[in-house]
Structure formats: C-alpha cells, structure tokens
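Quick setup: one chain, the form predicted on its own, written in structure tokens, and binding and motion questions come after.
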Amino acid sequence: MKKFEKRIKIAIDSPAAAGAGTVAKKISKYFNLFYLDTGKIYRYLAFLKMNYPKKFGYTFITKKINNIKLKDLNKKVLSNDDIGILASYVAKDNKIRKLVHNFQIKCAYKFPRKYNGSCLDGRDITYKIVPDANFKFFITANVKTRALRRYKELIKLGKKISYQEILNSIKKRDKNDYNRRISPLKKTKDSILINTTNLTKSACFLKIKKIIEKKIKINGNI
C-alpha cells in the first residue's frame, strides 16, 4: 500500500482471547503500521516477577522496559495462563502502569518513519494511551468462545490443561480487567464494537479493513 499523506493511529481494546491480537497484526501488516501488543508487556513483567522475585522492583522494571526487544515479548512461556492472571495483578500497580504507559505512548506516537502509522491493542488504549486515534475498536466475543479459542491454542502448544480451567481463568481475568480501579477495560462511546463470536479471523480482518479504507477514502487519506 502507498504511503499515506498523514500517519494514522489505530487503538484497540478487548478482553482476553477475543481475537484482537490476531486481527491487529494482520491490519498492521496490510497498512504497514508499527504494531504493539501492549498486553504482552504486562505478561513479560509478570514473567519477570515470577522468575526474579527478589530483583523485581521499579529500578529493575525500568531497565527492562527501556530495553525490551521483540523476542522478549514473543516468548512462548508468556502464553501460560498463570502468567496471564499474574499480569492482571501486575497491571493494577499504578507506578508500573505509568512506566508501561510511557513506553506505549512512545510506540504510538514516535514509531519509525518507515511505517504509515501505529496500531496498539490492549485494555485501555482507546481512552488512555491513544485517545486521539483515527480508528478505535472494541473487539469482543462471548466468554465460552474465548475460552475455547485459548484452550485450542494452548493444546497446540502442548499444554496439559482442561477447557474448564481455561474458562474459569478467563472469567477471573475479565473480573480483574473490568473492575480494577486503575485503567479498567471498557468500551468508549467512540469505539466501534466488533463481536468476533461468529466471525472467522479472515472475516474479522476484512470487516475492520473495510471500515478503515472507507474512512480514508471519505476523508481524503485521513
């Protein structure tokens, strides 16, 4: 796709296993956007807390965040469900959120010039990190569908876990994400709701792609 006259910013919020990460990656690749899965940062910090409990502190965290590499955020172990639950608790710490938020904002607004813009997905992106995003989406699906997706994903990775365990875990994560005092998960009024319960990955991608392209055409390249 040709370079845009103006850079675009896409913000996506979603509960766990709704398919936001998958579609955000595809959208980012198609429109040549710098992509960041913000939830993986908290998962990475949860991984560090679990493995380096004595070192885990703000100085240690600051150093790690400032030196995050893509390979750090793509560790297979980060898909561990215990890591996901711990990540929800780590995200409640206001000081940690401030450190992570600063990093996320940098990614959203100061991405490499070779990109047409940025695309971030997480829990508070539409109203906290990129409130002036050109496109805002809230991607969700019913909890049983999300649990089944995560179950299949983990089984493929060789994890020995039951569907019921995953379902209980996601319900617990939803409760934490929607009810936390700091930056809770919520749909903003200006976010477009995308329910993926009955959508394939391709259908979801095409739906969002169409919305973006239509607005770009109407507004003369944003």
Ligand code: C5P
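Sequential numbering from 1, following the sequence displayed. For clarity, every value in this text was computed on a predicted model and none was experimentally measured.
We do not show the form predicted together with cytidine-5'-monophosphate, though everything after this point is about it.
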_Within 4.5 Å, heavy atoms only, which of 64, 173, 49, 187 is in contact with cytidine-5'-monophosphate in the model of the complex?_
173
*With cytidine-5'-monophosphate left out here, work out from 83 to 91, 68 to 76, 133 to 141, 111 to 119 which stretch has heavy atoms within 4.5 Å of it in the model of the complex.*
83 to 91
*asked:* Would you classify residue 97 as touching cytidine-5'-monophosphate in the model of the complex, given a 4.5 Å non-hydrogen atom cut-off?
replied: yes
*Is there a non-hydrogen atom of residue 26 within 4.5 angstroms of a non-hydrogen atom of cytidine-5'-monophosphate in the model of the complex?*
no
*Wondering, does residue 123 line up within 4.5 Å of cytidine-5'-monophosphate in the model of the complex on heavy atoms?*
yes
*asked:* residue 38 versus cytidine-5'-monophosphate, in the model of the complex: is there a non-hydrogen atom within 4.5 Å?
replied: yes
*Residues within 4.5 Å of cytidine-5'-monophosphate in the model of the complex, restricted to 173 to 204 and counted by heavy atom*: 173, 177, 180
